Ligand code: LMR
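In structure tokens, the next block holds one chain alone, the form predicted alone.
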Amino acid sequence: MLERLDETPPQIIMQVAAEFAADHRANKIDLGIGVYRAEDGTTPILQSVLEAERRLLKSETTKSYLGPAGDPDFNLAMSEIILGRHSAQGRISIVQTPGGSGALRLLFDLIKRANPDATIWLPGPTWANHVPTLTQAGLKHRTYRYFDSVTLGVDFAAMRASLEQVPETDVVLFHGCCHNPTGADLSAEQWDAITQIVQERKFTPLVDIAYQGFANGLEEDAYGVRSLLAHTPEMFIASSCSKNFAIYRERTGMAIAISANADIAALAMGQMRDLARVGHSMPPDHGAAIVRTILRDPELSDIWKQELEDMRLRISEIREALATAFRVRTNSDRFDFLATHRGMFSLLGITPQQVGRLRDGHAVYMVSDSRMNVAGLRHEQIGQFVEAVLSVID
């Protein structure tokens, strides 16, 4: 039977990670896989997480199942972080999921059940896992204009023109903040304009918010979600705790559906529980328990918020230092976009061939489309990185 299977293409990010691991050069730089790294190059466990785990170890009394919807206190606590104070109570359906990827798959399956003919509109470009996940769910997709490859910023005029063609029956996916892979984010004014388009066109928004707190701050990064929530009768949200709690391997996320009224929300919740039961049965508990413990304790919550802010500021400092180093070295503003982008990623704007030359000649690793994880760079490596980039583009 198995010999009939087709060979699968390599997962690009995992391939970059494997090539980096096999490289024995002492000066190698890993800007591929999307994990936060501190100045010493490690991906640390936050002190708030360590303390929450210590408390759980002392207080936990069972390893029994949570149920398909997961931990209700985690769901409530995280929804408050994302949605803030809102008037959608009674319209919200929430299921805890195995990471943000699990949330996306569950929501795509929910959309497939609700409207099998729906098309999912994705920004161009978008996170590499979006298309495979929605395709596996049996959905169609189209692309709307988002990124300007010349300015390396948001092409909002083209984006608006694309969205004004979306039919009412379709779903449009937006990145809540820290747009992956481009790093080019929407402003608050642009989010307001998007909200107006959603109201006029009546399509359903789906917000993928995997990096809340990494762009401009925990509250600021929720602006787009909350703008849509306040003016849209129906929407979906996929959230991840991997980045902002640095609990990557714990696979902690949540899927949220906002319905027009409480009766529809009850229908959605029943379907979401059923999809969870079929897809993964019960969600893993440890990561959700960590997050719940932190968010429900004011002292731990304050520590976590400061640690999150420290991570955000380090990324911002790296961006500023990179842009400055390029400006000094080139006497131009060509790379100033690195300081205006937000979050962990930026598209550097070089060709796959030049990315290959960075790898082979300079031990600098990134995805072939030039998506680089800015958080993987240390201050001491900035000069080396700048010289390597300039050597391959000259």
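Fair warning: this is a prediction, and the values are worked out from it, not measured in the lab. Position 1 is the first residue in the sequence shown; the rest follow in order.
The same protein also exists as the form predicted together with (2S)-2-hydroxybutanedioic acid (LMR); that form is not shown, yet it is the one meant from here on.
At a distance threshold of 4.5 angstroms between non-hydrogen atoms, residue 382 is out of contact with (2S)-2-hydroxybutanedioic acid (LMR) in the predicted bound form. Looking at residue 13, you'd find a heavy atom of it within 4.5 angstroms of (2S)-2-hydroxybutanedioic acid (LMR) in the predicted bound form. Heavy atoms of residue 127 reach within 4.5 Å of (2S)-2-hydroxybutanedioic acid (LMR) in the predicted bound form, making it an interface residue. By the criterion of a heavy atom within 4.5 Å, residue 232 is excluded from the residues contacting (2S)-2-hydroxybutanedioic acid (LMR) in the predicted bound form. Across the options 356 to 364, 59 to 67, 328 to 336, 27 to 35, residues that bring heavy atoms within 4.5 Å of (2S)-2-hydroxybutanedioic acid (LMR) in the predicted bound form belong to 27 to 35. Between (2S)-2-hydroxybutanedioic acid (LMR) and the residues 292, 319, 243, 141, the one pair within 4.5 Å by heavy atoms in the predicted bound form involves 243. Interface residue among 236, 174, 74, 211 relative to (2S)-2-hydroxybutanedioic acid (LMR) in the predicted bound form, by the heavy atom within 4.5 Å criterion: 211.
Contacts between 316 to 349 and (2S)-2-hydroxybutanedioic acid (LMR), taken as any heavy atom within 4.5 Å in the predicted bound form, involve only 345.
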